[in-house]
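One chain follows as structure tokens, the form predicted alone.
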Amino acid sequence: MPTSLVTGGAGFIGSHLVERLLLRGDHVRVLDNFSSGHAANLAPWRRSIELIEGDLRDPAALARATAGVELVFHQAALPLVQQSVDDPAITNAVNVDGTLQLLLAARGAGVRRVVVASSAAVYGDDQQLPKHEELPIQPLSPYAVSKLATEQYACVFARLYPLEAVALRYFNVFGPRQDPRSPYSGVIARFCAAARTGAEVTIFGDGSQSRDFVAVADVVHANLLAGDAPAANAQVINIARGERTSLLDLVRLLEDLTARPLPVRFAPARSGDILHSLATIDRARVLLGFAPQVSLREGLRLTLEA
């Protein structure tokens, strides 16, 4: 039985990874300091996993976490853009230095491959659509810079050392267990929470802005594929649906699914907000064999019912 490590396994995406890895028969180890993850996310599988409460910046914790591990799924990070603006040093310490320490520990432990979570934030506000991996990188926040450094470190390690690594650039991930109260939560988490009760939602701008929403189940599937696909080593790969949906269309879908109006309050557009986001996922199809399986409508239904 292979051992897989999920850093940030108590978080939104990490806990879904834990669930799927257990289902496929892996021995699963989780490293989390619970700074943003929740123990409740792991409660259904707590007796089936090995949990190490520790920090990415702690070499001793990383040595314990990586010992005997074949695959690492690196989800742990400080994900808040505004926090990175207010305190870039802590974001760098956790996301960049922490990732470097993890890669060093993985190399020392003989880990076969590390799959690193990156972000579409690295593209910045370049207007070209769809976003492909060869576009110029224009990060607009210390968070985005940290994610760029994370993926670059992973790819450099894969080229220099006997440690395989893949970086996945997530677009707008949504699904069950995404906390709508978190400042990092996507618009779908907030809109679904409102749709359950009929509460009002706020749209900044006219609602025509669009995003490439991808269900967490598809993101997890992409991670599992990236753990094994030979051609993916040392590559950076977009993970998305390859479709864009406006916020107004999102409201209409939720109204249809809940059979009730979703009140909307329009507010002035926020400076710095990206108007449109759309990925090309050709590289994911070719290198991973990835194809999204969960439609936006089905993903919304599952989120509403969670």
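Only a predicted model underlies this, so the values are computations on that prediction, with no experimental measurement involved. The numbering used is simple: start at 1 and walk along the sequence shown.
Not pictured, yet referred to below: the form predicted in complex with a small molecule.
Checking Leu104, Val145, Val81, Ala217 for any heavy atom within 4.5 Å of the small molecule in the model of the complex turns up a single hit: Val81. Distance criterion of 4.5 Å from any heavy atom to the small molecule in the model of the complex singles out Ser119 from the list Thr91, Ser119, Thr150, Gln235. Stretch-level contact check against the small molecule in the model of the complex with heavy atoms at 4.5 Å: of 107-115, 224-232, 205-213, 154-162, the positive one is 205-213. Looking at Pro176, you'd find every heavy atom of it more than 4.5 angstroms from the small molecule in the model of the complex. Although the partner is absent here, Arg270 is a contact residue: one of its heavy atoms lies within 4.5 angstroms of the small molecule in the model of the complex. By the criterion of a heavy atom within 4.5 Å, Leu129 is excluded from the residues contacting the small molecule in the model of the complex. In the model of the complex, at least one heavy atom of Leu247 sits within 4.5 Å of the small molecule.
Annotated contacts: Asn172, Val187 and Phe191 all touch the small molecule in the model of the complex [non-hydrogen atom within 4.5 angstroms].
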